[in-house]
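For reference, the chain that follows is the form predicted alone, supplied as structure tokens.
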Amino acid sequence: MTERHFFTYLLVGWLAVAPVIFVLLRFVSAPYGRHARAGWGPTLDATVAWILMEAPAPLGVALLFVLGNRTSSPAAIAFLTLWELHYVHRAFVFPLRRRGGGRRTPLLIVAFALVFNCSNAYLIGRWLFSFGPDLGLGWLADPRFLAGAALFLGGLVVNVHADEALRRLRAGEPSGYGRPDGGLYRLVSCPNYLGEVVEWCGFALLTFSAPALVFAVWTAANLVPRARSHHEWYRRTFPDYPATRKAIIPFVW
């Protein structure tokens, strides 16, 4: 089997698994953060676990860029820059600033996340910097790139702003969790997740690539059920939680 065959089989199989994960997570909330519970085996410090889980995404894609044959391509450099803009913050800045690092994360969750991030980093990095079409400088003026970049950057701003609001809220809560209000939190319980889904839909458009589209599908399959679990937790925990507020999609769900 050639690497191209392996790549294709992995991509198709990865897409096929996403809806299964979506259904599973709708019924079983991943046991970390506010949904942490006993019975999931050995655990790791939450901050160490977060960095370990997320680091393969920025490091793996950067490595595949260096090993690829497009290190001087303006389009490839733009793709890498946008990817790293999200993941350097997500993997290294966010976990060191957030409250709650003393909590524990099951090693099983760390293992699942490592498989997830390593697979996505390989599929996206290998396609964008080796296997996919070599898009020239003109791609940066293409409407697909411009629209996708606007979505990506808009989603990134929403994601980071919402996470920062949660960080400030947790700093004043003995339990680490309070009821967020204001901004997009007036419409949805998880604007941070909404922003991230929008980001990766934008990335799929600006790269116009199948692996990035599969990654966007996987992001939604993971975060939409998680947002619903958070939403239900808020409603159980705060009796006066706004009835009109949705989980992740304003006015819809």
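The structure presented is a predicted model; accordingly, all values stated were derived computationally and were not measured. All residue numbers refer to positions in the sequence shown, first residue = 1.
A second form of this protein, the form predicted together with a small molecule, is not displayed here; the remarks below concern that form.
Novice: Thinking of the small molecule in the predicted bound form, which stretch from 72 to 80, 123 to 131, 157 to 165, 139 to 147 has heavy atoms inside 4.5 Å of it?
Specialist: Only one stretch qualifies here: 157 to 165.
Novice: Within 4.5 Å of the small molecule in the predicted bound form, do we find a heavy atom from each of Pro56, Phe65 and Phe208?
Specialist: No, none of the three is in contact.
Novice: Given that the small molecule is not shown alongside this chain, does Gly33 nevertheless sit within 4.5 Å of it in the predicted bound form, heavy atom to heavy atom?
Specialist: Gly33: contacts the small molecule in the predicted bound form.
Novice: I'd like to know if Leu169 sits close to the small molecule in the predicted bound form, meaning any non-hydrogen atom pair within 4.5 angstroms.
Specialist: Within the cut-off, so yes.
Novice: With the partner left out of view, is Pro106 within 4.5 angstroms of the small molecule in the predicted bound form by any non-hydrogen atom?
Specialist: Because no heavy atom of Pro106 falls inside 4.5 Å of the small molecule in the predicted bound form, the answer is no.
Novice: Residue-level question: is Phe203 within 4.5 Å of the small molecule in the predicted bound form, judged on heavy atoms?
Specialist: Outside the cut-off, so no.
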